[in-house]
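Just one chain is shown here, as structure tokens, and it is the form predicted alone.
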Amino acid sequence: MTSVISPPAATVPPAGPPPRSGKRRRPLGRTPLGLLFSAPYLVFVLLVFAYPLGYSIWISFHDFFFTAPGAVVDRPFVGFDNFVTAFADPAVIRSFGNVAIFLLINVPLTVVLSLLLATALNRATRATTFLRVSFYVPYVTASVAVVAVWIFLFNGGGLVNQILGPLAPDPSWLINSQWAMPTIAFFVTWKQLGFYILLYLAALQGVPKELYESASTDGAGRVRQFFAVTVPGVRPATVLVLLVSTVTGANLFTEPYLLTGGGGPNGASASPVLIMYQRGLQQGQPDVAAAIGVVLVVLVLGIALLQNRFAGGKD
């Protein structure tokens, strides 16, 4: 007789809860120590940036005015009335046009000049430290001191007009409605250039030298290497420079306040932030000033998103 050996029966796992994994979920993430170290800055951002922004949005939709400390007053919801009041003023609309002119001059000049100078400094072999410090000194110098020098250079009898002679504008630069804002844009570009040069210098350290050697072997000259290797290699830094210079320029206040005596002549150099200061503090309309600020934030965010989309791509 032939015996038939049947296969072993399948083992049925016992019913019950699945075995626990050795890894436990951590409520603070994988690096709680890093979260602990970043907590002070997070609190700083919430208190100094997030809370004031949220409070400004609330003020812009209410009838808000300054009162004595501890006073309890009614602040009714007024909808978009503050926005209508703000933008019914031609000075407010003109201030946004002024800052647009400023950005159209300042941002491209900042990107182009800082990249060119950073590339030159990165290749320099002599007096490198001296040149880098020279470009950075205006950025760390107090604006009041530097403004005094520019007023001396660009006033009616200043050095610039003496050099230009009959080609100098009349009236002079800072009291000329057409040249006041461009002059401020050139001043801000010159003053802040050192900071952006340092950003590009840091980015240039990350561009492999082998790429330049390969391009040189293929017969590419300095100009071709600049556009084929340097510009793509520092693209993330370019996006950062675009964003920072745009945000900084949109918050323009000190320069027109000091150079043109508060936005002159006749509001030709007034910026939205300067108008906010005048309406909110000098004229006692903080709700209208908050409405201007909210619109400015929305516009800057829109410009920043477009810059990141078209200049930065998916990076």
Partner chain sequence: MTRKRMSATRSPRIQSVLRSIVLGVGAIAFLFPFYYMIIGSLQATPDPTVAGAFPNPSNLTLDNYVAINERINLLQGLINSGIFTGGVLVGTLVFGLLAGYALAQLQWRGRGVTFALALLVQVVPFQLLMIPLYVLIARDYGLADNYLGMILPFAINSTAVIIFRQYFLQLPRELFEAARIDGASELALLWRIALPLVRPALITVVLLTFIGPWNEFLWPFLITKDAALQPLAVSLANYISTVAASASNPFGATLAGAAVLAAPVVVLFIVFQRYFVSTDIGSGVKG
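Residue numbers count along the first chain shown, from 1. In this text, rigid core is short for the largest set of C-alphas that superpose within 1.5 Å between two forms. This one's a predicted model, so the numbers in the text were calculated from it and none came from an experiment.
The following text describes the form predicted in complex with the partner chain, which does not appear among the structures shown.
Highlighted residues L42, Q162 and V297: every one comes within 4.5 Å of the partner chain in the model of the complex, counting any heavy atom. This chain is displayed alone, yet in the model of the complex one of V84, V73, L104, V144 has a heavy atom within 4.5 Å of the partner chain; that residue is V144. Of the heavy atoms in N266, none are within 4.5 Å of the partner chain in the model of the complex.
When contacts are judged by a 4.5 Å heavy atom cut-off, W179 does not count as touching the partner chain in the model of the complex.
Although the partner is absent from this view, R123 contacts the partner chain in the model of the complex, with a non-hydrogen atom inside 4.5 angstroms.
Shown alone here, G158 lies within 4.5 Å of the partner chain in the model of the complex, counting heavy atoms only. Contact annotation: the partner chain lies within 4.5 Å of heavy atoms from the stretch 201-209 in the model of the complex, the single such stretch among 170-178, 104-112, 201-209, 84-92. Contacts between 181-195 and the partner chain, taken as any heavy atom within 4.5 Å in the model of the complex, involve W190, L193, F195. V45 is among the residues whose C-alpha shifts by 2 Å or more between the shown form and the other one once the rigid core is aligned.
In a rigid-core overlay of the protein, L36 has its C-alpha displaced by at least 2 Å between the shown form and the other one.
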